[in-house]
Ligand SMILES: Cc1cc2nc3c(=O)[nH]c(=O)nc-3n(C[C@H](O)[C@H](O)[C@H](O)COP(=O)(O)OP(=O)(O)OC[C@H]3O[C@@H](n4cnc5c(N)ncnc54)[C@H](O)[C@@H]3O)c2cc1C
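Below, in structure tokens: the form predicted alone, a single chain.
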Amino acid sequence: MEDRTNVLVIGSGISGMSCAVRCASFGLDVTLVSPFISERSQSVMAAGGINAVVEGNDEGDTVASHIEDTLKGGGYLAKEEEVRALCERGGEIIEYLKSIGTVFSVNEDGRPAKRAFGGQSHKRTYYCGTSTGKQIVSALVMEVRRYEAAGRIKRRLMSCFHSGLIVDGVCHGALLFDETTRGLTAVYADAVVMATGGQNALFGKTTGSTQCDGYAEGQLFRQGVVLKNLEFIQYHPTTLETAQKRMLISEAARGEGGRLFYVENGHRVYFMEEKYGEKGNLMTRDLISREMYLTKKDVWLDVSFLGEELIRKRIPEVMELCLKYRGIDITKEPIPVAPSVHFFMGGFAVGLHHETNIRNLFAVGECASIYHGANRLGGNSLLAAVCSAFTAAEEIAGRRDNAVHPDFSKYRDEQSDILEKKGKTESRFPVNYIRDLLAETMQNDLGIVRDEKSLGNGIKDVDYYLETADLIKYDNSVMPYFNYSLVGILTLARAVLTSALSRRESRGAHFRSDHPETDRDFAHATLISYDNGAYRTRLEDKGEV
């Protein structure tokens, strides 16, 4: 263990903290990096629950069923070996979360409560009301503090990832940008774990946090890291419009019996039930979102018939959210809902042990593309967050590399000079103007339904934004890295659009109106790499497309 002790974890949500704690439990020294405290991470927003099949399940559920549901829901793009590694750890992870203080909801008989989630053959989603993520974050924060007190974990707040320290296909650490000193620091490590979440900033107003901006993926992509399945972007079918963002109406509301409908000629049309039967409201998220889009009508979600007592008991956060942000009393009236960008199946291409194509560079949580294929099942994201973190930590702890870190001081100075020059750029267009244009482009050209023309237009727009990125004004009234991360974000956006254009079929969350059928020739993950400004796509285990 002495040969391998320093681990740098970028991101302090559930996956980042889980990895840090697991590494520390093996006696490794961990630096946990994030701009803000964990209580402000996107993980807090995870509402519905976490999937697991536990021993002695009295409903006849099996791990094999969980594996098949996950593979089927993801359009059979994920590899069975990898999905098996996820599903087989479900019971272990539930027990671990309980052991550190996560309090799961129970039934009247005191047994753990489970709810139905879309695309699943059995009830296997354990939950803490509708604040499961918040409960898990709170429990993990206490574990991190315990290891901080023991000297095994060191936190670095107000710090952002700038770039990897990579030479000859090996990662030796990362350059970090300190928001307080506004300077770059080279931090060396035997392993770097990216736990940076999704790509919300590419789309502007989503259900997620704009802290998850995709910059780390874009920057490391430019440094040679291969990305995967970027075209698969999950729209959550039930979100509520507010001035600031799209507020998530948890799938728990439909799991408890909520019904989707639109109004035609003065009558309610329960369109999902009419087309798909009694389980229509719990079909997979990609399918429901697409059906809502195709109605071309305002859609509503009704839970009022459940009664106030059950609503207050099972989905109180949904009730409070609707009342607080829109003045809607869901015990008496339906909720106006619409699909919104919610989760990213694509991210860093990782292997079974969560290592990227760069030695000693790992990715966990939402930024790692491995388990979900073309579409994620609700409840699998929290399971994947913890499972991926444990898997990476176990791989890191089992190594004994005798790495000698090169001196990156020259690279740090070069990057510092670049940032200083960017800070002096003058233009009448601020960074936020380009970011707003980008969000508009991505929402319009990479929506629930896409085609070759829209994707081509999006690529042209993003190429133009990239051409102007070094000429625009950097706004000192916002956190500095909001400015400096622009090129990485735009590069990632270009990669997403390119991946979507290359997949000439419809599968899972990727629907091409000009290629509406699922094509067996595309039954492979999309890999994309960056080569001196060129974006090269290929199908995994197959070749270029």
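Note that this is a predicted model, so its numbers are computed, not measured. Numbering starts at 1 and runs along the sequence shown.
Keep in mind that the form predicted in complex with the ligand is missing from the display, and what follows is about it.
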query: Heavy atom distance at most 4.5 Å to the ligand in the predicted bound form, all of 356, 369 and 499; finding: no
query: 491, 42, 31, 483 - the one with a heavy atom within 4.5 Å of the ligand in the predicted bound form; finding: 42
query: The unique member of 120, 375, 454, 381 whose heavy atoms fall within 4.5 Å of the ligand in the predicted bound form; finding: 381
query: Partner proximity in the predicted bound form: residue 526 to the ligand, non-hydrogen atom cutoff 4.5 Å; finding: no
query: Partner contact for residue 342 in the predicted bound form: the ligand, 4.5 angstroms, heavy atom; finding: yes
query: Close approach of residue 193 to the ligand in the predicted bound form, 4.5 Å, heavy atom; finding: no
query: Any non-hydrogen atom of residue 365 within 4.5 angstroms of the ligand in the predicted bound form; finding: yes
query: Candidate stretches 531 to 539, 518 to 526, 21 to 29, 6 to 14 - the one whose heavy atoms come within 4.5 Å of the ligand in the predicted bound form; finding: 6 to 14
